[in-house]
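Take a look at this one chain, the form predicted alone, written out in structure tokens.
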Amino acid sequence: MTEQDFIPKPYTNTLKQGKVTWESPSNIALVKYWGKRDPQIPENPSISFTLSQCKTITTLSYKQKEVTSDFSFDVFLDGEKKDAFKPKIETFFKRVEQYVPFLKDFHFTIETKNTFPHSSGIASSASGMSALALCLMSVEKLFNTEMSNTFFNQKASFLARLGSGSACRSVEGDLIVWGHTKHVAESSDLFGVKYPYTVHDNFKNYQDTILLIDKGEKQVSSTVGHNLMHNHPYAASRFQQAHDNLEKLKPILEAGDIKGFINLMESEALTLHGMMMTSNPYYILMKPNTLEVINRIWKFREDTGLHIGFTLDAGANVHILYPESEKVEILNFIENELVAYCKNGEYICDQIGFGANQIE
């Protein structure tokens, strides 16, 4: 598919006003996306677990207006008006207007809330932009009632990508691939696709406990971080590594090789941070407690033989991933030894989810 496939034909139905609500989850990348080109095209493919409990719930109310020359909307977070969010959403609307051409016909009220703590350091852009994109798609489906569910999800992922790259991996679940690679059939730079190959039962209901090591604003914005890959001395090798790791992941997932899975996942996480440390300007996003937690995970794994592993986003927080069958022992270890390294003792227990849901 191309971008042109998402430009609709003239609508035949009309709408006056209404309201839709979607909840959409965050996701955690196993093979990391790092580096992009315009418009929100990834330099390398990625694959992520969709989460279950860490999600954004967004209600989009729309009312037809007489003057259609500008975008008109208000944004609320947890019931409080947030004008600071408006520039990002206006940028998003400008990017997607040709694909959802009704945007200037309505005044929108966007009411959103997250199930995870505000300023927790968990990226809310993936869940937030995917929830908003899904709301827009629900409105468009009222204009075009013949739209298939497959196309609906593809276009929602396509729109979400134009708001936040990783958001395109939050529409569906449980494993989503984004970025064209010969190693995954039907993969695309334009939207996320469900992982099409066999996944062993070892990875069903996989757990993700998120340790909130550091809370607050990102040290480096995602846009700045991705741009650091331009002219990065190791960029080409990193992009090739991501393709290679997706190929390596296929037999790992099929065979249920959790040790191989942990090795690849942890290597990817450390490579992401290695790219930041070797960019110019350079950044160290991990905190002392991040390193302490990693070393304790490694020691616990060596001492017990349990299948506990970690991954990191572009920040200090640690996602601890492990099979459901070992949940009791590993959670006991987390609570007894690792929570002490969290900011205010905060952590979140989550697991693999299966994508977004429409509430109304």
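Position 1 is the first residue in the sequence shown; the rest follow in order. This is a predicted model, so every value here is computed, not measured.
We do not show the form predicted together with a small molecule, though everything after this point is about it.
- Taking a 4.5 Å heavy atom cutoff to the small molecule in the predicted bound form, the contact residue among 33, 49, 310, 62 is 33.
- Site annotation in the predicted bound form: the residue of 164, 209, 290, 245 reaching within 4.5 Å of the small molecule with a heavy atom is 164.
- Not displayed here, the small molecule is kept clear of residue 183 by more than 4.5 Å at the level of heavy atoms in the predicted bound form.
- For residue 114, no non-hydrogen atom is located within 4.5 Å of the small molecule in the predicted bound form, even though that partner is not displayed.
- Proximity of residue 29 to the small molecule in the predicted bound form falls within the 4.5 Å heavy atom cutoff.
- Taking non-hydrogen atoms only, residue 272 approaches the small molecule to within 4.5 angstroms in the predicted bound form.
- Contact check at 4.5 Å (heavy atoms) against the small molecule in the predicted bound form: none of 202, 259 and 319 pass.
- Annotated contact segment (heavy atom within 4.5 Å of the small molecule in the predicted bound form): 33-41, selected among 322-330, 33-41, 65-73, 290-298.
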